[in-house]
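This document starts with one chain, in the form predicted alone, laid out as C-alpha cells.
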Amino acid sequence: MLRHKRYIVLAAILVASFVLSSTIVVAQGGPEPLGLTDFELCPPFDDVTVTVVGDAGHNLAPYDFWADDFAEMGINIELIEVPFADVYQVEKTEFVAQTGAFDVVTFYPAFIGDFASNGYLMPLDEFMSREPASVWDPHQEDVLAPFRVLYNEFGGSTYALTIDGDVLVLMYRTDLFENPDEQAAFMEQYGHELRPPETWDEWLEVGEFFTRSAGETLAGEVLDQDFYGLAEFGRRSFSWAWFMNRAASAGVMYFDEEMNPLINSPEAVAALQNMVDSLQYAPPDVLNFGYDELRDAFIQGRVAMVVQWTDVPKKAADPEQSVIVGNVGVARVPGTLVGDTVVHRSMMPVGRVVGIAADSDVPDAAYCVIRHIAYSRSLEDVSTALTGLDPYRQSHLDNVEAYVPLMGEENAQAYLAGLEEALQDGFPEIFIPGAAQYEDVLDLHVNQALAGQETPQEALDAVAAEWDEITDRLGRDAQIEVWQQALESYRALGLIE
C-alpha cells in the first residue's frame, strides 16, 4: 500500500473528526510503578513506530505514563486522538478504506462483532501463546469473565485485550445523607428514613428532596447557587445506557430469541417515563452532560447523587479535582420492584479494549504495546485519578493497597466493595454485528424523549421499527444466529437469567 495514500486518507479522517495527533517522546508525570505485577518487556525492536488510535483525553494517558517502557522496547508511540462519540465512525472509515493508518485500535467492545466478523482485526491467540510467557502472556485468566468473554472474544478467537472495565454505580454525598437535620426533614416529608435510593421511584423522591434554590439551606449552609438532587448522562451518544439501567431492572431485554424487538414493552415505556420525570430535579443543562460534565457536577458539589462510571470516586478523592473529598458513598444502581423483590441492573456501557488492525505492518510491536497496557501496567492505570480506566481484573480488586494512597484505607475498601457489588448487577450491551447501529437508534430516540420531542411510547415504538429495518438490512437469519449465541454467553456469565 502506498504510504502517501495512507496519510492522505488519514488526514481526511482527522479533519472531519477534529482529531489531535501527538508523538510521545518522554514520559510525563504519572503514577509511580507499584511493583505488584510480574512481567518482562519485549526484546527491543529496531526503533519502530506504533500508531495508536483512541478516544481523546485521560484514557490515552498511560501511553505517556509508560513512555520509558516503550522506549526500552525500541517502540515509538504515535497517538491519534478521536472525539469520544466518533470512535466507531473514524475507525470504520479507515478499515473500509484499508489505509493502514492505525496499528493499535482502541474501541468500545460492543463493536467487536462488527470489527472481528469483517476481518478488520488480527486474531491475538498466536501472540498470547508465545514463549516465554513472562513476555507474551496477557494473563487472561485474571480478567473478570464478562470483560474477557464479551469484550475480547468473537467466533472462538481472541481479537482484543481489555484495558477498561466499565460498569455504572450510584454515587451520593454521604455528608448530606448523614446530616441529622436533613434526615429529620426527610422523615417529616416522606415518612421514612433518608437513604441512597433502592428503587427508581425512590430516586425521584430523593432527587426532589435535595433540589434547592439559591438562598435555601442545605445541611446547615445557605446556598449561594441552585443545588440539584440528581444528574445522569443526558447527551446524545450514551444516554441510552442510563435508560437501560431502568428498563433492564424491569425485565426488559433488547430482543427475543428471534430478534423481535422488546424495547417498546410497557415496562420499557415506564422506565423511559421515569427518566424523563427525573429531569426536573437535575441541572437545567443536563441534556448536554457527557462524562466530563456529569463528573464535574458531582465532584464540584452541584448535585447530591449521580449514576456514573466507577472511575469517578477516584476523581472525587483527588483534592486537586474535587471539593467533596471524603464525602462520597458508592451503592448499587437503583432497581425496580418486581413482585416482592427489588431487581437491580447496572449497565456496562463503553469499556475499552485494544486490538491490532489486520493491515498493521508492525504487528509484533503492536502486540507488545497492547499487552503492556492491558496487563503489565494495568493496576497502576486503574488505581490513579489521572485516567478514567476502571478495574477489570481480579488482581485489580484484590490489591486494595494500590488505591490507598489516593483514597485512604477505608474509602479504598468501600470503593472496591461497591464496584464488586455493581458487577454482580452487570447488564450487557448488544455485542453482535450492527451493535453500533442498534444502540445509536436507541440513543437518538431516548434523547428525543428527554428533550420532549417524542413521548416515551412514540420514541420506543420508533426504535422497534428501526431495529427491524437494521436486522433485515444485515440479514435476519444471520442476526438471529449471532444473537442466540450472544444470549447463551450472557446466561453463561450470569448476566441474564
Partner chain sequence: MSTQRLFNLPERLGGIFGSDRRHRLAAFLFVLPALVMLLAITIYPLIRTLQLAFVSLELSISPNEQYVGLDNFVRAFTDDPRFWNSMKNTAVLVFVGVGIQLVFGFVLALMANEMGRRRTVWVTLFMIPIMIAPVVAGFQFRVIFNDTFGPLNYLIEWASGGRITPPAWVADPGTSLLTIMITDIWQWTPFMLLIILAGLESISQEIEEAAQVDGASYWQLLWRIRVPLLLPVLIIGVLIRMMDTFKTFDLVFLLTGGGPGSSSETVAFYTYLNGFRFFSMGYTAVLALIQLVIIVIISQVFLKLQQRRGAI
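Given the structure is predicted, the values throughout are model-derived calculations rather than measurements. Residue numbers count along the first chain shown, from 1.
Not pictured, yet referred to below: the form predicted in complex with the partner chain.
Trainee: Heavy atoms within 4.5 Å of the partner chain in the predicted complex: which stretch among 465 to 473, 43 to 51, 29 to 37, 62 to 70?
Mentor: Of the options, only 465 to 473 has residues within 4.5 Å of the partner.
Trainee: Just checking whether residue 285 would be counted as a contact of the partner chain in the predicted complex - the rule being heavy atoms within 4.5 angstroms.
Mentor: Residue-level check for residue 285: yes, a contact with the partner chain.
Trainee: Can you tell me if residue 458 lies within 4.5 angstroms of the partner chain in the predicted complex, counting non-hydrogen atoms only?
Mentor: No - in the predicted complex, heavy atoms of residue 458 and the partner chain never come within 4.5 Å of each other.
Trainee: State yes or no: in the predicted complex, is some non-hydrogen atom of residue 433 no more than 4.5 angstroms from a non-hydrogen atom of the partner chain?
Mentor: Because a heavy atom of residue 433 falls inside 4.5 Å of the partner chain in the predicted complex, the answer is yes.
Trainee: In the predicted complex, does residue 189 have a heavy atom within 4.5 Å of the partner chain?
Mentor: So residue 189 does not count as contacting the partner chain.
Trainee: If you check 344, 236, 139, 377 against the partner chain in the predicted complex, which one has a heavy atom within 4.5 Å?
Mentor: Flagged contact: 236.
Trainee: With the partner chain left out of view, which of 359, 114, 78, 202 would have a heavy atom within 4.5 Å of it in the predicted complex?
Mentor: Flagged contact: 114.
Trainee: Using a 4.5 Å cut-off on heavy atoms, what residues in 290 to 305 are near the partner chain in the predicted complex?
Mentor: Heavy-atom contacts to the partner chain in the predicted complex: 293, 302.
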